[in-house]
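One chain follows as structure tokens, the form predicted alone.
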Amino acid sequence: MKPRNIYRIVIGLLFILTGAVAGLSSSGNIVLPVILLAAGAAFLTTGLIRHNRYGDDPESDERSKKIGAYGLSYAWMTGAVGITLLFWGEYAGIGHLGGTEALELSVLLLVIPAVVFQAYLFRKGDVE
């Protein structure tokens, strides 16, 4: 097992243990225990999945790095166009967004296309 995966698993277990202790010792405030438990579950799951998927083999090669970079650049362009459309929609009076809603939509316009483009390019096999 790679040391990086061992660290993820150990950190996840420590977060889960700390979250459980914080949840049992606190009275009424569950924000911190929930955050610790969620972070611990994420670390633990990531470490176990990466170990089962890759073992001691390399996790990425030049092709996967290239696909990741192209996917992120396509997502960035999609996000820039989407944010520009939001701006012009607001300017033209088509819709009115508050600051929070505009930021939420901007994050979604940047994150969702990144996942979609990378999944599409990985399924396709390579970037030309």
Partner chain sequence: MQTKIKECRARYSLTQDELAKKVGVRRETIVFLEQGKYNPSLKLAHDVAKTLHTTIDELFIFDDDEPGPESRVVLVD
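On a predicted model such as this, the values are computed, not experimentally measured, just so you know. Numbering follows the first chain given and starts at 1.
This protein has a second form, the form predicted together with its partner chain, left out of what is shown; the following refers to that one.
Of the heavy atoms in Arg4, none are within 4.5 Å of its partner chain in the model of the complex. In the model of the complex, its partner chain sits beyond 4.5 Å of every heavy atom of Trp88. Mapping the unseen interface onto this chain, His96 falls outside it, with no heavy atom inside 4.5 Å of its partner chain in the model of the complex. Using a 4.5 angstroms limit between non-hydrogen atoms, Pro58 touches its partner chain in the model of the complex.
Look at 62-70, 24-32, 75-83, 39-47: in the model of the complex, residues with non-hydrogen atoms within 4.5 angstroms of its partner chain sit in 62-70.
In the model of the complex, its partner chain lies within 4.5 angstroms of at least one heavy atom of each of the following residues of 110-128: Phe122, Arg123, Lys124, Gly125, Asp126, Glu128, in sequence order.
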